[in-house]
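Coming up is one lone chain in structure tokens, specifically the form predicted alone.
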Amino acid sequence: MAVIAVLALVVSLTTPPQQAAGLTVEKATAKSNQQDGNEVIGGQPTRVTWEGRVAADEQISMLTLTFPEGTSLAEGASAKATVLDGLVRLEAVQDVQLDIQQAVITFEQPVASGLLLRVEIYNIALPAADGDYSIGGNYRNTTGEVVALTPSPPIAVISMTTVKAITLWLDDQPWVQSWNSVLFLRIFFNPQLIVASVPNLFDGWLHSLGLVLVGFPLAIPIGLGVSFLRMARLRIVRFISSIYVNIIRGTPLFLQIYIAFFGLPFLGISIDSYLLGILVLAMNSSAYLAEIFRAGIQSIHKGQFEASSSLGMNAVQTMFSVIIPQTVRRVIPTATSEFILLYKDTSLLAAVGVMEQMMFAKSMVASTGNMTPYIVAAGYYLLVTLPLTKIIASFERRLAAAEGSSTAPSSSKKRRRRLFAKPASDAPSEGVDADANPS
């Protein structure tokens, strides 16, 4: 049998191939060689499946499949051909010769016309570089004619990156296998998916930061303007601004997002989804900032206004030169807390398809069937919120210390003097009679 295969191979190499006509190549695929994912990594063992259908007037006695340059075989590499008549698997006695360049399959009985010929090659590593690779080759019919095959549909291959290398290394670690044997840990804290999710969600994190870093500064002047309207002398102005604040603060942001994204198109208003997301976040935050600014302005003692008036400053000068600077200092901690809340609320935009952090995580969860990307997304949120929380606490302590510095130090010194000063009778001055009259 081996001699026959060698002779057939020599004949196939020496006979010039003709254009394929009797064997139609239908598909060529490679199984994903990642534990979590659908991609084929070059240079790593996988399984390649090739299929072709024999024409009505043809019979196949030998098939040669040629691999792309750079292909390699892993330990235990093998190939086999299956002949199918519809869904029925037919017996096909064959001899297979496999190397890094090609697979040569010789059939003891020719493959009859109309049948589907499927070849599976196990533990084959496609080229390591990124690219689309096709499988070519030729076949020999029962008349001894060698006919070239048309190239198969391309197989997309990605190169090995650092993240993928770490993921594959984790796949082989015993502790990872033990960890993933616990269902809860595998679903929510899968080590391989944590490594894969960090770079994939980084772009989403930048998108979320962009939403809040543009939306929040936009909300500040709107909120300050609304706070002035809330303190206006005209009742109608206060009433209108009060309605705005109460409606925005009294309804869920999720509902406001849905109204903006699905209601405005009915009014003929079309805005880019990312820009509309920024506007919705800004309008929502402005209502909260308006109350923060109003409370901060009203916390300034009225004597500040009277003192400014006595210096000849009008109301506008007093507000922007005296009151606002003091207000800003007082409201920074509360406003920073509002920034944190707004940053977390960017996740709600995923419900309307805005590409932000949670939308990136949602896409990974849908493709992997695992919840770990959501946990990684939570880590990205904490990367911003935890430092800001510490900064707020530190600033509040300094602000409290600064406001009490004018009185607290002097009173404490007086208390210390009262506690530790000795009575005059116990500590007479040198050269002075303790019983002498001080006068």
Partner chain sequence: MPTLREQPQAVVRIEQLHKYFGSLEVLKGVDMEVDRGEVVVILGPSGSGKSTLLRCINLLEKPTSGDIWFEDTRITDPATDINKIREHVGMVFQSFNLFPHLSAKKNVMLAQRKVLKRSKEEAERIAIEQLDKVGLSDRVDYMPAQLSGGQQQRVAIARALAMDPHVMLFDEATSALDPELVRGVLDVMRELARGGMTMIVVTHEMGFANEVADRAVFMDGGVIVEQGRPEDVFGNPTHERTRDFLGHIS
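Worth saying up front: this structure is predicted, and the values here are computed from it rather than measured. Residue numbers count along the first chain shown, from 1.
Below: the form predicted together with its partner chain, not depicted.
**Student:** Does Ser270 reach its partner chain in the predicted complex, with heavy atoms at most 4.5 Å apart?
**Tutor:** Residue-level check for Ser270: no, no contact with its partner chain.
**Student:** Does the 4.5 Å heavy atom contact test between Gly263 and its partner chain in the predicted complex come out positive?
**Tutor:** No - in the predicted complex, heavy atoms of Gly263 and its partner chain never come within 4.5 Å of each other.
**Student:** For Ala307, is any heavy atom within 4.5 Å of its partner chain in the predicted complex, or not?
**Tutor:** Yes, Ala307 lies within 4.5 Å of its partner chain in the predicted complex.
**Student:** Counting only non-hydrogen atoms and a 4.5 angstroms cut-off, does Pro325 reach its partner chain in the predicted complex?
**Tutor:** Pro325 belongs to the contact set for its partner chain.
**Student:** Would you mind picking out the stretch of 69-77, 315-323, 133-141, 247-255 that comes within 4.5 angstroms of its partner chain in the predicted complex, counting non-hydrogen atoms?
**Tutor:** In the other structure, the partner sits against 315-323.
**Student:** Which residue among Ile243, Leu311, Val182, Ala129 has a heavy atom within 4.5 angstroms of its partner chain in the predicted complex?
**Tutor:** Of the candidates Ile243, Leu311, Val182, Ala129, Leu311 is the one lying within 4.5 Å of its partner chain in the predicted complex.
**Student:** From the list Gly303, Gly86, Pro174, Gly369, which entry has a heavy atom within 4.5 Å of its partner chain in the predicted complex?
**Tutor:** Comparing distances to its partner chain in the predicted complex, the residue within 4.5 Å is Gly303.
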